[in-house]
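To begin, one chain is listed below as structure tokens, in the form predicted alone.
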Amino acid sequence: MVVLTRTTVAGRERVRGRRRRGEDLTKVLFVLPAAVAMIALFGYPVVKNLLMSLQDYTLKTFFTGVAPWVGLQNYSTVVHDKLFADAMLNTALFTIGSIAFQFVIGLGLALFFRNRFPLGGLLRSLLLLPWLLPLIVSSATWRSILEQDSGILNRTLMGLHIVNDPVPWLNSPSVALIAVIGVNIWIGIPFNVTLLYSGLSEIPDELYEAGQLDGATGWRAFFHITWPNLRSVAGVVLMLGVVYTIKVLDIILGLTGGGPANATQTLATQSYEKSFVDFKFGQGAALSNILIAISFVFAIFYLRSTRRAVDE
């Protein structure tokens, strides 16, 4: 029989404690490079942008290194700018219009592809092409399609006698925003189809079979079986879509540059122009921080939706 003294037990506890601390240190060392990279690549730019928004940071600052502290003056200037209200409205219309149609069309296509048919997998793969193309390439392509005089869309509409004169898709303040929203819808549909189709695939077929016995077919099956089981995924898709769409810049710059007559000016394009056209980096940073704050609100809803989806 082995008798353990208090000294022996205490010694073993110290050994276990050192081993545990060594394991904890090893875990920290493995995570440390990723943490440093996150801070360097994401943390520093965010903090720097916040500081710039509180300074009179202009092109002159790059030569003199002097950026006077102005506090919230940049925020006050951009908010009271005559274009700010229009940019806010355009941002809201662009985001709501894009998300609504992307979701509805994406849901319809996801329901369509849920039915098995020949070449269904190939068609789903081809549907991803708009999402995989660089945004600047997509905007350049659509710019040629929407060209007033030589664009294929106007030629087709006139050839079918739907319109008598070419439609100034990108040159008229009354239709330019609609055209930009349409292009963004085309780009965002694959994202919605992919996530919604994944959600539909998780719904057991047994539920539909049981529903048929109770007379739940067609729209009744959708409202009583499909939608309740897809609601958590749909919430995530909508919130994530808002976070992505609200900061879209490439498409608008490639199509209209914020024009004509600021008809497609959003907070993102206005921030770009303040920073890289007017070289008022402090005001541009202030606008981008306002955009970040709005995105952050929706990001919180997204995280809550994600947690709720995981719990369910």
Partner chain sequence: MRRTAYTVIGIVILAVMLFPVYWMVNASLQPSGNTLTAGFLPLHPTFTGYKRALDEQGGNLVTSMIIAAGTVVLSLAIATPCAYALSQFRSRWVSIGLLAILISQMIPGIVIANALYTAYERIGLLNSIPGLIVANCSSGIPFAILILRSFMMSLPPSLVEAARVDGAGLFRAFVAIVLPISRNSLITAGLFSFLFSWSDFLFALTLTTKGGVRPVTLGIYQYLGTQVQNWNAVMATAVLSAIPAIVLLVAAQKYIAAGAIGGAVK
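Numbering follows the first chain given and starts at 1. All of these numbers come straight from a predicted model, not from anything done at the bench. We call the rigid core whatever largest set of C-alpha positions still superposes within 1.5 Å between the two forms.
The discussion below concerns the form predicted together with its partner chain, not included here.
> Between its partner chain and 116, 132 and 250, in the model of the complex, does every residue show a non-hydrogen atom at 4.5 Å or closer?
So, yes: the whole triplet contacts its partner chain.
> Only one of these stretches, 201 to 209, 94 to 102, 154 to 162, 227 to 235, has heavy atoms within 4.5 Å of its partner chain in the model of the complex; which one is it?
Flagged stretch: 154 to 162.
> What is the one choice in 34, 261, 51, 66 with a heavy atom within 4.5 Å of its partner chain in the model of the complex?
Of the listed residues, the single hit is 34.
> Report the residue, out of 178, 128, 72, 89, that has at least one non-hydrogen atom within 4.5 angstroms of its partner chain in the model of the complex.
If I apply the 4.5 Å criterion carefully, the residue I get is 128.
> So in the model of the complex, does any heavy atom of residue 109 sit within 4.5 Å of its partner chain?
Judged by the heavy-atom cut-off of 4.5 Å, residue 109 is in contact with its partner chain in the model of the complex.
> Contact with its partner chain in the model of the complex for residue 137, defined as at least one heavy atom pair within 4.5 Å: yes or no?
Result yes; residue 137 sits at the interface with its partner chain in the model of the complex.
> Does residue 169 make contact with its partner chain in the model of the complex, using a 4.5 Å heavy atom cut-off?
Residue 169: no, not in contact with its partner chain in the model of the complex.
> With the partner left out of view, is residue 81 within 4.5 angstroms of its partner chain in the model of the complex by any non-hydrogen atom?
Result no; residue 81 lies far from its partner chain in the model of the complex.
> Which residues, if any, of 273 to 293 lie within 4.5 Å of its partner chain in the model of the complex when only heavy atoms count?
Counting only heavy atoms within 4.5 Å of its partner chain in the model of the complex, the contacting residues of 273 to 293 are 275, 276, 279, 281, 284, 285, 288, 291, 292.
> Just checking, between the shown form and the other one and with the core aligned, does residue 299 shift 2 Å or more at the CA?
Superposed on the core, residue 299 moves its C-alpha 2 Å or more between the shown form and the other one.
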